[in-house]
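One chain follows as structure tokens, the form predicted alone.
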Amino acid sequence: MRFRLKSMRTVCLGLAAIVIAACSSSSSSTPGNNTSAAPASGGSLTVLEWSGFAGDWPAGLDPATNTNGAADQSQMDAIYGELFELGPRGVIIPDLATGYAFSNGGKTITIDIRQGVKFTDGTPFNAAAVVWNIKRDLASSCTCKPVWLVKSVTATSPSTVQVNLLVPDGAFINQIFDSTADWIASPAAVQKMGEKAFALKPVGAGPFVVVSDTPSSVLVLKKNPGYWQKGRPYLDSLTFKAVGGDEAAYEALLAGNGQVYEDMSTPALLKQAAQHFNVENQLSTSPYDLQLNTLTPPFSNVKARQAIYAATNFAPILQHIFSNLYPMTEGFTGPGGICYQPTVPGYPSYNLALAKSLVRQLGGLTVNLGTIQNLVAQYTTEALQTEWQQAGIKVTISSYPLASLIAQFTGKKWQAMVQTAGSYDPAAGVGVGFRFSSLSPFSGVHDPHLDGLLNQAAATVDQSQRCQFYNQAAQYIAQKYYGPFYFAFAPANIAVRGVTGPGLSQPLPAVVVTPTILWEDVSYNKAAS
């Protein structure tokens, strides 16, 4: 099967916008945000990023060495562009690639590379450069490297890349969106500068060029004058700044010290922000998941896992902490992605009497419950602590910044974690396998049967068949009490009026918890702010 994606980006976005206007009820933006106005050229934007997630890039912004991986997808997209972009309503938009084809039963993928493009150091962007990057990514220790089982990667022509896999992979293109393979670095620049220097002043073929980079603080970019698409980007400059959280970002926007804040999730602030700014609620693909580590006590015992299901009632938490902003779900998919299954047959329900009985049978149950260092996530763990204590479960809670959280997982001694899990395609990097596959360092589950179901789903090219396997996997996770699901979460993006573009004035499906804003299509009409 060959897919040619040579239509212009603006056509794709226009068609998607019509579909959204006609069909979407799961996202909204504040009234008066005129998305039909012609984009303004010129101007500058300052984008605020939470220092606990997207505002943290301590190792720089080399795709193969950035320890935070796709958390920094916004900065990466601005510098490198993408092979393929995930646009509104899941439209695959050609960027530095123009098409792809599956063959050999889904084990061979041919990618067509856009011709005539150059990196900002003047060297050619071609198939050889893409192959060099993919091989480097596969060999890296980055947590967001491609999940493909690769036999070979070759440039069969200056504009054609062929990837031969050991097993079929029907999700291959969707897996590019949230992996380092989507961001292509200049091989010549990496080799000339060395990895450490390159990470601080990376060279790509994207819409913007790095002016300066103070890791985990400020990244200053300017317009790429040689960008492949005429008329893009609209902005003259783009600056990313780290901030301490939702409250700090909101105050900075009010003070005029930024025009965009990505990933606000505090309900009270969202209501306040809507009075002054445009609030774009994104299309969630990432349910919150209560992960249980089945390798170690107490959750190596199925009765302990069952007790957690029976003691957990997410509905009041969703109501009181999140103002019912998000849909409840019993599976690992969200409404913005494929194979969404909001209810799962046989899913264990809240049953406090059963929970108390199971705790007595266990002779007591003590749990350390962790999450990322985020105020709303911490509120959630406190609410769960209160619920579980009603069942006789003793609970201590911990919160970690992203780097420390990763260390907890890789140390394998954690017990329970409240985390987001999910992706536009469940087979992608932070999809179901990220939290439930035996091969993932971020999983607490090590079950060959579940691995088999997930592998079958990923290998199948036909989407309806893939979704059937995923439905079976969701039922199996519930049957084994491997981890309750909470709600389908996606934070909102906040922008001053006059800022338009996918992800800021149009909803986008989340890639890694949040969408990747298409910065080449973002404009700022300051007169309208």
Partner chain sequence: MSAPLFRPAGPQTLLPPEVTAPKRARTRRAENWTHDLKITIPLGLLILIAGACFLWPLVYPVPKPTGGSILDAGLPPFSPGHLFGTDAVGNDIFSRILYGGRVSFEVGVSVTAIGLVIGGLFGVIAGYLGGITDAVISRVLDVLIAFPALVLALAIAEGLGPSELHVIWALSFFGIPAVGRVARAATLALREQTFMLAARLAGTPRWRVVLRHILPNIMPQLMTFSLLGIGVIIILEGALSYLGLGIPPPNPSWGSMIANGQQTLSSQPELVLIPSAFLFVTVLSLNLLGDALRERWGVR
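These numbers were taken from a predicted model, which means no experiment stands behind them. Numbering follows the first chain given and starts at 1. In this text, the rigid core denotes the largest set of C-alpha atoms whose superposition between the two forms falls within 1.5 Å.
We do not show the form predicted in complex with its partner chain, though everything after this point is about it.
Proximity of residue 320 to its partner chain in the predicted bound form: non-hydrogen atoms within 4.5 Å are present. Not displayed here, its partner chain is approached by residue 250 to within 4.5 Å at the level of heavy atoms in the predicted bound form. Taking the partner from elsewhere, residue 268 is found to have a heavy atom lying within 4.5 Å of its partner chain in the predicted bound form. Contact check for residue 274: every heavy atom lies farther than 4.5 Å from its partner chain in the predicted bound form. Of the residues 316, 448, 194, 346, just one reaches its partner chain in the predicted bound form with a heavy atom at 4.5 Å or closer; this is 316. Residue-level contacts in the predicted bound form: of 404, 229, 123, 368, one residue has a heavy atom within 4.5 Å of its partner chain, and it is 404. Picking from 97-105, 333-341, 420-428, 394-402 the stretch near its partner chain in the predicted bound form, with a 4.5 Å limit on heavy atoms, gives 394-402. Contact residues in stretch 455-477 (any heavy atom within 4.5 Å of its partner chain, taken in the predicted bound form) are absent; none meets the cut-off. Residue 374: CA moves 2 Å or more between the shown form and the other one after rigid-core fitting. Residue 316 is among the residues whose C-alpha shifts by 2 Å or more between the shown form and the other one once the rigid core is aligned.
A movement of the C-alpha atom of residue 395 reaching 2 angstroms or beyond is seen between the shown form and the other one when the two forms are aligned on their rigid core.
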